[in-house]
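Okay, here we've got a single chain as structure tokens, the form predicted alone, with questions on binding and movement later.
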Amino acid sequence: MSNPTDQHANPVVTRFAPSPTGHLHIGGARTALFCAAYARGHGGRFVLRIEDTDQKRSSDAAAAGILDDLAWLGIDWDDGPEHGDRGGDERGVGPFEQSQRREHYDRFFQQLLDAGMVYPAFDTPDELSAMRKAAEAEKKTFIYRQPAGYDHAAALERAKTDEHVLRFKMPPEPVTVNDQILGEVTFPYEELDDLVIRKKDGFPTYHFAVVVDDELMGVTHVVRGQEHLNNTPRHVALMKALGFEVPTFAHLPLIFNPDGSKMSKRDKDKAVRAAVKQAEGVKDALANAGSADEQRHFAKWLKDKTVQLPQERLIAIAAQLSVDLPEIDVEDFRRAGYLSEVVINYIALLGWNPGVKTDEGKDLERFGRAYLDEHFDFGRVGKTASKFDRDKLRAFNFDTIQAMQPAEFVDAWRAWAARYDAGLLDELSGETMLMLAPAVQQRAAVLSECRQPIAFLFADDSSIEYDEKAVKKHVLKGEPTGLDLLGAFRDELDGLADFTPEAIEAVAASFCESRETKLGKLAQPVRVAITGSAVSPPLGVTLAALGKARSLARIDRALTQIPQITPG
């Protein structure tokens, strides 16, 4: 596949360059997916680079989490940090963490200094704030320019001792960006400031590091979200000043919530903050928990919607207040129990569509990664924002779970439980999970819901609560009553040596045949005794999963307790 508007003769190289300041946003995952798909479809290479020049906010743990999320999604990289069997540096363009590339940036800083294209700036935060306020008072956008009468030689001398940043002197001309999705976009010089390219700590800003790294790593196509579009003219100006080749740009549409708001990591804080404010007693307890610093941060979080709580504390408070957190990061979708292939399929549809109809005349929506790699191109990427429909994603996941073979489903279920519900693996053997799989698959849309259809297994035998309507309808009515059948069937189960679903179903059928009664007349009272309700997996599976001893104990308790119930 080729794109006639591509301007590069070199093999395609795309890159994804996340900042390790938190969990991987689902929008970032989509960017990585499209970058990888475009490279694969053109026989090119996909680079993963960690942009960790923000030393205060970056962390090794966040970087490791991003690599793990990408690996879970099945998004492989050709060049990048090592992660399992992924990563490498065959072309010798690493390292792939910007914090380890200072020598490259310093070399190009010096090139621009020697050419007089950058200059030291000594403004304090207070001085910059005053400039912004003055611009606001004049109802203008604040644009930083080199001060009139600036003495470059004197500034270089002062820079030897005084704290400063380096600013790039923006050439006095408009910048036109030829975008594969948005078309030709021109930015007037009046909107482009003299941007900071080196911070006071000597580290490059994002703008400078990304330009240098893209050049040295041979990136031919920069694919990223439209939120970066306003950065692009600055990057193009820097590339030209450094003598670099300008890559092909493609800016992807934003991802919005169904209500039209931007799908942001702050959505989770918003949901929890609202619940905390409604829970007065809990709010006071939370406000006084933790260290003095944690208490101050919590108080600030309550008042300021831009402040975020640490993910772990946010999850804990949400659980305490029974708040359903919206899934925003890849980790959220993993924890909820979505399948990686479903997430990949769904996010591929956020802004792109194959333009193909199914045999039923509907738009093709269900496809695998290989199809995306073969067919993805920028020509079918939309310009407007995409809305993230969680109901649709959930339906995709439910359909996929239902269609899985039981053994395949159990593998996915066990892998999820090992990460998020390890206790489940202590309570259920692989054999039991396989036996329960067909029933669970019909009722769980995501893996985190797999406990719900079989919750009776985890309840204490002496704590089963009986649904009064089910008791009246299925246990106390009839002639003989369901209670009478239950008592007689209890002895049949007690004598059953092979307590398997097949054996249980066979003895139940024989029992009903001998009494000339329908199976449902027996099965429902047994379900009520075992689970408290008339809803459960198939009778044989329900009893076999619980085991003979616990099944008999629950039936014995029901025979004693249910006669004392007076239905309303």
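One-based numbering along the sequence shown. Quick caveat: nothing in here was measured; it's all calculated off a predicted structure.
Only in words, not in the display: the form predicted together with a small molecule, which the text now covers.
For the candidate set H228, R490, R91, K240, a heavy atom within 4.5 Å of the small molecule in the model of the complex is found for exactly one residue, namely H228. Think of it this way: in the model of the complex, the small molecule has a heavy atom of just one of A558, A17, A545, V13 within 4.5 Å, and the residue is A17. Partner contact region in the model of the complex: 204 to 212, out of 127 to 135, 204 to 212, 107 to 115, 296 to 304, criterion any non-hydrogen atom within 4.5 Å of the small molecule. At least one heavy atom of E51 is located within 4.5 Å of the small molecule in the model of the complex. Taking non-hydrogen atoms only, R101 never approaches the small molecule to within 4.5 angstroms in the model of the complex. In the model of the complex, the small molecule sits beyond 4.5 Å of every heavy atom of R198. Heavy atoms of R224 reach within 4.5 Å of the small molecule in the model of the complex, making it an interface residue.
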